[in-house]
Each structure stands twice: as C-alpha cells, then as structure tokens.
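Listed next as structure tokens is one chain, alone, in the form predicted on its own.
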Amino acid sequence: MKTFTPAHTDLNASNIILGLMRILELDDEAIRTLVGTARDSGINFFDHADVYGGDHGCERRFGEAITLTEAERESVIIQSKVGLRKGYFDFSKEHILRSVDESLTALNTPYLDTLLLHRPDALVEPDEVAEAFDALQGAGKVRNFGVSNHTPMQVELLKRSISQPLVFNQVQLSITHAPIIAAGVAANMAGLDQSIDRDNGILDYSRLNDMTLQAWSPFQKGFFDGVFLGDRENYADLNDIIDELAATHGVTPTAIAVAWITRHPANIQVVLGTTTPQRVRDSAAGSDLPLSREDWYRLFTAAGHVVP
C-alpha cells in the first residue's frame, strides 16, 4: 500500500480510503470485518459524513462496532464532512460546531483527523467558517481541514479568512468521469465539448497549492449512472483493455480502475464506497500498481476521451 504525507500535515496517509457511507444496515461483525480487511490491506484512512445514514447514522454504527485503544486511534485517520443538510447547505458556525460534536460522540473518538466542508454553501460567510475552525482546532477536536466538491475560487474565498491550510478537496473522478483531467488534455480545441473547463482548473490549482484531491465514485460511469466495470454495452473497448491489463499484472479489473487514478502524479487518493471485503482487497492491489504512460492513455481514450 502506497502511503504519503499530505502537505501541511504530519499524517502518514494511505492513498486508498475506505468510505463508510453504506454501513448503516451492517451488523457489528460485518463492520469489523470490513474495517479489519481494509487495515490488513494497508488502508489507514476512513471517510465519514454527518449525513451518511441520516443524522450521523453511519458514524454511530462505526462507533458502536469499532473500539480503538489510544494507540490504535493514533494509527488510523478518521475524516468526516459537515454542511450538507436535507434540502440545503449550511456552513454556519453554529451548525459546524454542533455537528462536529455530534460526530465525535457518534464515532466515539475525541478528535477528527480531518474535517471537510461538504459541497459549497452559496450563503457561506468565510469569517464564520474561520471562527468555527479556530474553535475546533483550539479545543483539539479537529486536526486538519479541507473541502469537498469546491472550485478553486471557492477555496480562495475561504482561504482569505481561515488561518488553517485546506489540505484536501474531495471530488468525483473515475476513468469515464474525468473532466478535471480531460479538459486540460483537450485545451484550446474549439467545438470539442471535452475542452470546456467546468471545474476552473481544479487539478492544476490543487497541485500548485499543495492540496490533495480525493476521488469519490472511482468506478461510476458518470454522476451515479452505475459502474463502467463489466459494462460491455457502453464500454466494451475499455473493459477489454482493463481485462488485458488485469491479466498482465495479475490483479482484478477493480485494481486497474484504481491504478488509473493512483498513477497520476498529483497523488490523488481513491475513496472506496464498497461494503464487500473482497472488493476492498481488490482495490488495494491498485494502490501502487505501475501502469505505464501508454497504458494510462489507452484506458483514457477507450473511455471516450480525446487525445488530440
């Protein structure tokens, strides 16, 4: 498992993250098996959000099933997100502080290693966010901060007020849903939809500003359109190449899909959403798999992206 230290932190982070948004209905033993499989595979980074499972439901199930000693707690990275509410977004100081306290109680932990602001709040008051971050850091409740699904200018607006580095930005990315990469490849090509920059240069901005991107839905065709792995009706050529590379490297197609992301020099982390232990193992095999430049681009073009 490849690990690295994200800029502005002292974390030793795996480049694969286990997302726990689907554990609400799992029993304690199933949760322990899932988390244990991740840790045995070298994954030490676990992603939550206050809304997963409704009102801290998945965080609560994690806290009920997983008991960590002080030393064990220091060996894992627990991340949660705040700000996404039913029908609206809320980055108010009051909501951030209250939700973090509820997350800590649900997770049965004295602190979060990382807190992300979950999707941009159009009514955000950066000074209010700054007050919340200062209070959380000062109380030892949150050690690092970041955002999710934010554009560069939204990040810059926050940075004008807050004193803490914004370490992470969690965004959607897969081989088939890769506008943050594909637009740059086809820059300056009038008439080609791929060349339209819909993310304001988020990939290059993140690299220039030492922000680590985290890729959610790494197997999705598009925005919750189902997975591309095994979809031969729409992605026959892509799956043929994935299968070929999987056989060459002695891994599963899942590992190749992960490796396409982890191969990128931006040190992008992959956020898994599975509750299947074997899928965790298969994904972990793609952590540091050495895809060649040629094979990376073969996958890229087979997914429908243009290389001019």
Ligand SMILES: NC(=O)c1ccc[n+]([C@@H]2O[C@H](COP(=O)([O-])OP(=O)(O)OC[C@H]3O[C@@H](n4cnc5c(N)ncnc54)[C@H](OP(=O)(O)O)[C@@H]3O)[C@@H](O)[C@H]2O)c1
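Since the model is a prediction, treat every value here as computed from it, not as a measurement. Note that residue numbering follows the sequence shown and begins at 1.
There is another form of the same protein, the form predicted in complex with the named molecule; it is not shown, and what comes next is about it.
Trainee: Quick check on this chain: which one of L11, A285, M21, L291 has a heavy atom within 4.5 Å of the named molecule in the predicted bound form?
Mentor: Exactly one listed residue reaches within 4.5 Å, namely M21.
Trainee: Identify, from the list S103, S206, S148, N144, the residue with a heavy atom within 4.5 Å of the named molecule in the predicted bound form.
Mentor: The residue in contact is S148.
Trainee: Counting any heavy atom within 4.5 Å as contact, can you tell me which stretch out of 133-141, 105-113, 215-223, 183-191 lines the named molecule in the predicted bound form?
Mentor: Only one stretch qualifies here: 215-223.
Trainee: Is it the case that D50, even though its partner is missing from this view, gets within 4.5 Å of the named molecule in the predicted bound form, heavy atoms only?
Mentor: Outside the cut-off, so no.
Trainee: With the partner left out here, check for me: in the predicted bound form, does some heavy atom of T254 sit within 4.5 Å of the named molecule?
Mentor: Yes - in the predicted bound form, heavy atoms of T254 and the named molecule come within 4.5 Å of each other.
Trainee: Does the 4.5 Å heavy atom contact test between N44 and the named molecule in the predicted bound form come out positive?
Mentor: No - in the predicted bound form, heavy atoms of N44 and the named molecule never come within 4.5 Å of each other.
Trainee: If we define contact as a non-hydrogen atom of the residue within 4.5 angstroms of the partner, is R39 a contact of the named molecule in the predicted bound form?
Mentor: So R39 does not count as contacting the named molecule.
Trainee: In the predicted bound form, does each residue in the set S92, R98 and V129 place a non-hydrogen atom within 4.5 angstroms of the named molecule?
Mentor: Per the other structure, none of S92, R98 and V129 touch the named molecule.
Trainee: So which residues in 266-283, when you check the named molecule in the predicted bound form, have a heavy atom no farther than 4.5 Å from it?
Mentor: Stretch hits, in order: V271, L272, G273, T274, T275, T276, R279.
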